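Below you will find one chain, with nothing else, as structure tokens; this is the form predicted alone, and questions on how it binds or moves follow later.
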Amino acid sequence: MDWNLLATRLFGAGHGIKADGDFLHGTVQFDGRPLTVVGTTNHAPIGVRLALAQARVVLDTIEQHPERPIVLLIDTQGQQLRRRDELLGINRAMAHLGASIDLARRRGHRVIGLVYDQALSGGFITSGLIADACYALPEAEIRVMRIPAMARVTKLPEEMLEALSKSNPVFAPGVSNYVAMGGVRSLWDGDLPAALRDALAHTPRDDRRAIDGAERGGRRLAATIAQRVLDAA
């Protein structure tokens, strides 16, 4: 979905979100209170510049607007694969973005992620997956790695991974599989303002992804193993 159409459906025609190239940012009014909106568009690759720009908005919100909710609009093809960004320390820039979002949560900001188009790899891990909860539109595309690339990395046959993907969401791309694994809390369909209103009011502040994955059958052992590690600590 086009980001401007999404913003209009959520916040009205005069929403106040700006696009500086692939970078989205702005303050919107929702149910009579301000929200900070930050994110990306055009399947943006997240390089040093974009990571630091998003982190700056989050940190400014923490400093200037205590406990104001933050909405992350996510459309990314993953991290920028350029020598320049690698030399500038893209890993540290993306870690800084993730740490900024985590700090906002710790300071009492409700942080809601919404995948409205595409979410891949590190660009998704350091944004939506660090929010209080991540939601998605039904038509969104989410994956960490395509099966051919997974085959090259794991040295397993593509046919084996294709077969596994039919019964195990961990091996399969697709928004429904991320719901099953708990990475996406739910899909927003129909009344988008009502979905956002519910998310702001009822999203738990504790991390329920492993628990949700176990209850939905997408990640059957993660919650149990995590609890065993905590019990042994």
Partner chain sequence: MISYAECSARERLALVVDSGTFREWLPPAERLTSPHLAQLGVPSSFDDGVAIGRAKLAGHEIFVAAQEGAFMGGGVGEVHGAKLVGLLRRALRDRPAAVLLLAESGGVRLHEANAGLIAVSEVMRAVLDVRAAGVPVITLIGGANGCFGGMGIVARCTDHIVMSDVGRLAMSGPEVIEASFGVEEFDSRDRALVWRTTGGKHRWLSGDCDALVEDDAAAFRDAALQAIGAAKPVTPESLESEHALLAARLRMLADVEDGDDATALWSRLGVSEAARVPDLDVPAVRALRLA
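Only the largest set of C-alpha atoms that superpose within 1.5 Å between the two forms is called the rigid core. The structure presented is a predicted model; accordingly, all values stated were derived computationally and were not measured. Residue numbers count along the first chain shown, from 1.
From this point on, the text means the form predicted together with the partner chain, which you will not see here.
Engineer: Just give me the single entry in H43, R49, R197, H65 that has a non-hydrogen atom within 4.5 angstroms of the partner chain in the predicted complex.
Structural biologist: Of the candidates H43, R49, R197, H65, R49 is the one lying within 4.5 Å of the partner chain in the predicted complex.
Engineer: Although the partner chain is absent from this view, report whether A222 comes within 4.5 Å of it in the predicted complex, heavy atoms only.
Structural biologist: Because a heavy atom of A222 falls inside 4.5 Å of the partner chain in the predicted complex, the answer is yes.
Engineer: Give a yes or no for L35: in the predicted complex, does one of its heavy atoms lie within 4.5 Å of a heavy atom belonging to the partner chain?
Structural biologist: The answer is no: L35 has no heavy atom within 4.5 Å of the partner chain.
Engineer: State yes or no: in the predicted complex, is some non-hydrogen atom of M94 no more than 4.5 angstroms from a non-hydrogen atom of the partner chain?
Structural biologist: Contact with the partner chain, yes.
Engineer: Just checking whether V144 would be counted as a contact of the partner chain in the predicted complex - the rule being heavy atoms within 4.5 angstroms.
Structural biologist: Contact check for V144: yes, within 4.5 Å of the partner chain in the predicted complex.
Engineer: Which among 27-35, 53-61, 188-196, 66-74 is in contact with the partner chain in the predicted complex, heavy atoms within 4.5 angstroms?
Structural biologist: Selected stretch: 53-61.
Engineer: Judged by heavy atom distances of 4.5 Å or less, which residues of 181-215 approach the partner chain in the predicted complex?
Structural biologist: Heavy-atom contacts within 4.5 Å come from M181, G183, R205, D206, D207, R209, A210.
Engineer: Superposing on the rigid core, do we see a C-alpha displacement of 2 Å or more at I125 between this form and the one not shown?
Structural biologist: I125 C-alpha, core-superposed: shift of less than 2 Å.
Engineer: Core superposed first: is there a CA shift of 2 Å or greater at E141 between this form and the one not shown?
Structural biologist: Moves: no, less than 2 Å.
Engineer: After the core is matched up, is the C-alpha of L72 off by 2 Å or more between this form and the one not shown?
Structural biologist: For L72, whose C-alpha is compared between this form and the one not shown after core superposition, the shift is less than 2 Å.
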